[in-house]
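One chain is shown next in structure tokens, namely the form predicted on its own.
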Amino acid sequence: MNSSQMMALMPILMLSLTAVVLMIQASIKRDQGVAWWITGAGFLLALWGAGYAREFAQPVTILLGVDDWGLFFTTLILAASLVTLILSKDTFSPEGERKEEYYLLLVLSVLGAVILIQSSHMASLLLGMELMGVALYGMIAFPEKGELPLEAAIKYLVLSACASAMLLFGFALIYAATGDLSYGGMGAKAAVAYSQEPLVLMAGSAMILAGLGFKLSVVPFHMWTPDVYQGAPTPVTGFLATVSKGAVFVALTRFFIEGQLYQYSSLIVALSAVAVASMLVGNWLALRQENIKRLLAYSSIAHFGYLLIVLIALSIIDNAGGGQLIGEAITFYLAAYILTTLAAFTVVANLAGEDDSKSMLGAFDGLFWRNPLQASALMVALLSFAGIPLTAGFIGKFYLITVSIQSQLWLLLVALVLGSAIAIYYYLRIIFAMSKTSGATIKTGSRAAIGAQDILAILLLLMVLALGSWPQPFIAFAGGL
């Protein structure tokens, strides 16, 4: 490995250095404040490293492919990790003698996500996924009080272990069929392997997609999602919904494109069934929820069902030269989803904390009158989820509809429209509750000065609105990745 390749790995090196410094700090003097500042400095250095590495973008051995697209999502998840860090400061302050380890787990999980985003080989895919997942188990179970975090961690651990085993078996079948575990090598040899061992290749690909589908919690691999979202600490839930799922979807996209899986009709049919089920089932089950974290869990299932439309369209639109549209659609929708989800969970963390009773929808009654800044941020996030104009979600949905029409995926388009129509009801239900003017819910006492939590919510609100009302600069940027 030469110096140029080392520079391309700057974000990974900065995060690794941060993890080492955190371990040394914990062995010398245990102090949560110091650990928090070290973690924040490490994320900022990794953000600088992601910008610096753009000048050295290149394949780094057979395992990692550093390019502008991957570095953009590296920057995005590092920014999301900074939001998680800010929200975690108050959440884990009373955690006794174990508090510093949380920040080490957070850094290791982000490191796994960055490796996952830049992976170009099955080995690095598994390495990144397991590094991110093992740290997440500890983060979910970190609170000492209550049974829900431990229950959520055990459920995630057991089911994630099954998904990892499925991935490994899929890797073995792919290797048996093609003799290669790199994405590009597999794609180049897949056509010959398919003519000789079609069942082995299809079974291996299906098992890998199923394992990744569990991480994305698409139907029918979604049953863990509401329980884990509800039981995990709220900052960790936001991290799981943004950093973890975003990194996995980027990895899935790389594997799907470089492995040329879009040329196999049976896989496309299976993905179409998963996408339709996720869009309809996710939104339908969200209608029944009274806990906002569970509601957002089912909403995330539907959103990744929407995103699968773009991968399915590759089988048609790529042959027509629409590769740039596909890239822009994935980049814009995933960025809009991550920003919107961060805004929603920031408000939930600020208002409900770790009190499960305050996460019930009834606790948000009259919020506009009690805390207008937080209520406005949550309202904009919900409208963006619903795809209302002037929000980032509207442009994202517009991209998906355009892709569906150009590729003539009419069934998926109908499912997208029906799912979005169902979703509008439960999003507006929360907004209506926040606007209630019942005397029992309105307390007009003097409010404290604007704090850091309000500033963070306002910044995310403005970013969601800016991306939706003035999307041209970002669209031009995404088109050049």
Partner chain sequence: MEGLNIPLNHILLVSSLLFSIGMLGLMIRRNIIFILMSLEVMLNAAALAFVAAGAHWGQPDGQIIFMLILSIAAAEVAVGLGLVLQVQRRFKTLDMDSANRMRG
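Keep in mind it's a predicted model, so treat the numbers as computed, not measured. Numbering follows the first chain given and starts at 1.
Heads up, the form predicted together with its partner chain isn't pictured, but that's what we're talking about next.
**Asked** If contact means any heavy atom within 4.5 Å, which of 335-343, 233-241, 288-296, 249-257 contacts its partner chain in the model of the complex?
**Response** Looking at the partner contacts, the answer comes out as 288-296.
**Prompt:** Can L373 be called a contact residue for its partner chain in the model of the complex at 4.5 Å between heavy atoms?
**Reply:** L373: no, not in contact with its partner chain in the model of the complex.
**Item:** Touches its partner chain in the model of the complex: I316 (any heavy atom, 4.5 Å)
**Value:** Judged by the heavy-atom cut-off of 4.5 Å, I316 is well away from its partner chain in the model of the complex.
**Prompt:** Is D355 one of the residues lying within 4.5 Å of its partner chain in the model of the complex, judged by heavy atom distances?
**Reply:** Judged by the heavy-atom cut-off of 4.5 Å, D355 is well away from its partner chain in the model of the complex.
**Request:** Although its partner chain is absent from this view, report whether V158 comes within 4.5 Å of it in the model of the complex, heavy atoms only.
**Result:** The answer is yes: V158 has a heavy atom within 4.5 Å of its partner chain.
**Request:** Using heavy atoms only and a 4.5 Å cut-off, determine which of C162, A188, A79, A363 is in contact with its partner chain in the model of the complex.
**Result:** Contact residue from the list: C162.
**Message:** Do any residues of 146-185 have a non-hydrogen atom within 4.5 angstroms of its partner chain in the model of the complex? If so, which ones, in sequence order?
**Reply:** G146, E147, L148, L150, E151, A152, A153, I154, K155, L157, V158, A161, C162, S164, A165, M166, L168, F169, F171, A172, L173, Y175, A176, A177, T178, G179, L181, in sequence order.
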